[in-house]
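Just the one chain here, laid out as structure tokens, in the form predicted on its own.
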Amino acid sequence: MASLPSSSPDEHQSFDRARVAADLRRLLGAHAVIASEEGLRPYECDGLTAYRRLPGVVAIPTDGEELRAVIGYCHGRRIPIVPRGAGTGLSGGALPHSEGVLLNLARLNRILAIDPLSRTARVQPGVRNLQISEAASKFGLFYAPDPSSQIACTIGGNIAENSGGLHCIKYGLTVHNILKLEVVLSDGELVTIGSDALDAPGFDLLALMTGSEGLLGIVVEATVKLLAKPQCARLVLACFDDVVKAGAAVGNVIARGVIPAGFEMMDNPTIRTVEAYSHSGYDVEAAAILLCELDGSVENVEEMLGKVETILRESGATSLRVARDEAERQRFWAGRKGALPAAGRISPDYYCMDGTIPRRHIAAVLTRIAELSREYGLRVTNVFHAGDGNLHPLVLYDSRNAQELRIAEELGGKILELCVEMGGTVTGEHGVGAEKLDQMCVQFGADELDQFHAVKRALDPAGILNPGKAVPTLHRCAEFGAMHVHKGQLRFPDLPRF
């Protein structure tokens, strides 16, 4: 690996694409650096396709040492770095910097070790989510977090966004399923966070790094927890003639002491769209359906199944179907997992929102979303993790009409602000990215944002890691006009404009 002369961290240099590309080629080799417009085009956005920007240069390291070399080079020249995994993120977290380096981690894709005795796996950030469970399956183990994009999304991106999935109500988010991280900081230093034990002394930096969206460090290795496969899994499909009843049923099940492995809800527009796409056997006349999965020992699952069926009937379910076998269980789930691609069949574009509310407000929020849909003149289909109140409304629009995109963004913002009003939050698993900065101004006040920026400065004093994402400046919040006033005083500390 060639070494390059460094410049003073305080030395200002304008971005020179040709020079940066040449320098990085010396570090990584010609095959690992992209600087042509046609080569950069595939990296102009992530899953949030409404926002697009060509990166300055793309670098594709093959190991941790090369990654550290790239970060060290950028640190010395104050060049912004945007990490990218599979590009499946839906909040613009991997939106590139036009005068920066997009760090593609796809080649760091090895499962380094699986330890069936300690039930752990050591993996690089480019390993696909589903790949971990596939490799652990021969030991009777699996990796629990399962985003709908698990066939493609990578563990590094899951850690950056603290992804959840269909079974997070029982098994938790990414943060609950990792033990240790190897992280490269913005100056190239490699640090270990967490331990192989269930807990480590000191501050919980593991939780801080998980969900930090690439602003604090870049993961080069993760030790994740593996769980024993349950003996049995049964899936109940319940239909309702009213979304209010379906929303109430979610709370009724959990209030009676049952914690499903997965608990999903879809409204009628989503049901119709999904059924035409996946042919999962959904009742297209239902106002809403619930998918409630129970897993564990055979005896325990059978006991819970009877209890859940009784609760759902008492809650107003018009029909119940229990998957007859594994094939039907997978078919029922296929519809839910195909909700996003199914939306692409009925609309040129969709804007997938991500907010979380207390379960007791599901019905009220769905009612208000329907009202907002009519007010703004855009269709909204709703699919979400009902068990933990994580909503994923899909705002359907046509990006060829610039006015519709603006309306879709405004409608999406109103939905997120509704989540905050109901005691929830602007994200559940997609992250803030470049998408929800204004809504962060609604949720947090000046003092809180000041603390977020203090953490950012402590770990990335140069401000080069994924600038402009996740945490808005107070200047932006003041312009948005939604800054909370704390103690009757508005503070504007001297913050860097990331």
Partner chain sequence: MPAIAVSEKPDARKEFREIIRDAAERRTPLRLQGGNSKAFLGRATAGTVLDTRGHAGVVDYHASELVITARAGTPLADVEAVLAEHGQMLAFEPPHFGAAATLGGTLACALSGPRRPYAGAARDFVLGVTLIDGRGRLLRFGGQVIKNVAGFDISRLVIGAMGTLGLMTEISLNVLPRPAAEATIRLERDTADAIRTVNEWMRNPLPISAVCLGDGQLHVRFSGSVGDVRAAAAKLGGVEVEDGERFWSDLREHRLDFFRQAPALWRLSVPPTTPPLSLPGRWLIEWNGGQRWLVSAASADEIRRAAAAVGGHATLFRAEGPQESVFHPLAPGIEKLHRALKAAFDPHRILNPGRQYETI
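Numbering follows the first chain given and starts at 1. Here the structure is a predicted model, which is why all the values come from computation and not from measurement.
The same protein has a further form, the form predicted together with the partner chain, not shown here; the description that follows concerns it.
Enquirer: With a 4.5 Å heavy atom cut-off, would you call Q451 a contact of the partner chain in the predicted bound form?
Expert: The answer is yes: Q451 has a heavy atom within 4.5 Å of the partner chain.
Enquirer: Although the partner chain is absent from this view, report whether Y43 comes within 4.5 Å of it in the predicted bound form, heavy atoms only.
Expert: Although the partner chain is absent here, Y43 would stay clear of it in the predicted bound form, with no heavy atoms inside 4.5 Å.
Enquirer: Please tell me whether any heavy atom belonging to E303 falls inside 4.5 Å of a heavy atom of the partner chain, as the geometry stands in the predicted bound form.
Expert: E303: contacts the partner chain in the predicted bound form.
Enquirer: Is there a non-hydrogen atom of S212 within 4.5 angstroms of a non-hydrogen atom of the partner chain in the predicted bound form?
Expert: Within the cut-off, so yes.
Enquirer: Please tell me which of G281, G377, G257, P348 lies within 4.5 Å of the partner chain in the predicted bound form, judged by heavy atoms.
Expert: The option sitting close enough to the partner is G257.
Enquirer: So which of L112, A228, A402, A327 gets a non-hydrogen atom within 4.5 Å of the partner chain in the predicted bound form?
Expert: Among L112, A228, A402, A327, a heavy atom within 4.5 Å of the partner chain in the predicted bound form occurs only for A228.
Enquirer: Each of L208, S297 and T356 having a non-hydrogen atom within 4.5 Å of the partner chain in the predicted bound form: is that the case here?
Expert: Checked in the predicted bound form: all three residues contact the partner chain.
Enquirer: Pick the stretch from 265-273, 69-77, 234-242, 158-166 whose residues have a heavy atom within 4.5 Å of the partner chain in the predicted bound form.
Expert: Selected range: 158-166.
Enquirer: Can you list, in sequence order, the residues from 186-202 that come within 4.5 Å of the partner chain in the predicted bound form, counting heavy atoms only?
Expert: D187, E189, V191, T192, I193, S195, D196, A197, L198, D199, A200, P201, G202, in sequence order.
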